[in-house]
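The form predicted alone is given below as one chain in structure tokens.
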């Protein structure tokens, strides 16, 4: 439900999983790891190592980190995969389809007067390719990537930087994400947040509650554009 006292000016959308369906990447990773649940471990371990780089003052393309993690996990299963093959296994990341609720939601929110932008851990080139393939490139005022601040979400400075890029206060921004850790980071950084409960996604119990908690983007549009 929407707290009626909140009136976000800018909606910052996470991309991977929130807007785009990651099923093809999950299948590819599961095939490499010979494990139908391997993709879940790969996603969480990729996030872990992206944050290791952030707190160490280092940065790399998310897919470079993802390919390295895939090689690590494969070795634990006695599977040998080279760097190029690991990158190829993740190549579907740039050609993902949007979830069915995405485009109608974005169109409704734009008509309602909201400013829309992405805020993603993908690289600049990566998010450009993703949105172009998904037919969403024209929906966003800006396509913000952590490649610019060289910090991965959920580092608090990423959210503050995004607000600065949109020329509004953090409290005027609402992050829209299907990851509990992303919503937690945004709330702790002073943003509003909407949690989209995609399949197998949960809120982080130790974090502040999101301002909006809905099953899908259609419900988000109902809450914000009613």
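Positions refer to the first chain, counted from 1. Computed from a predicted model, the values in this text were never measured in an experiment.
What comes next is about the form predicted in complex with a further copy of the same chain, which is not displayed.
- Using a 4.5 Å cutoff between non-hydrogen atoms, residue 111 does not count as a contact of a further copy of the same chain in the predicted complex.
- Residue contact check for residue 65: one or more of its heavy atoms lie within 4.5 Å of a further copy of the same chain in the predicted complex.
- In the predicted complex, a further copy of the same chain stays beyond 4.5 Å of every heavy atom belonging to residue 99.
- Among residues of the shown chain, residue 155 is one whose heavy atoms approach a further copy of the same chain to within 4.5 Å in the predicted complex.
- Checked against a further copy of the same chain in the predicted complex, the residues 92, 81, 137, 72 give one hit for a heavy atom within 4.5 Å, which is 72.
- Scanning 174, 47, 32, 163 against a further copy of the same chain in the predicted complex with a 4.5 Å heavy atom cut-off leaves one residue, 47.
- Along 97-120, a non-hydrogen atom within 4.5 Å of a further copy of the same chain in the predicted complex is carried by no residue at all.
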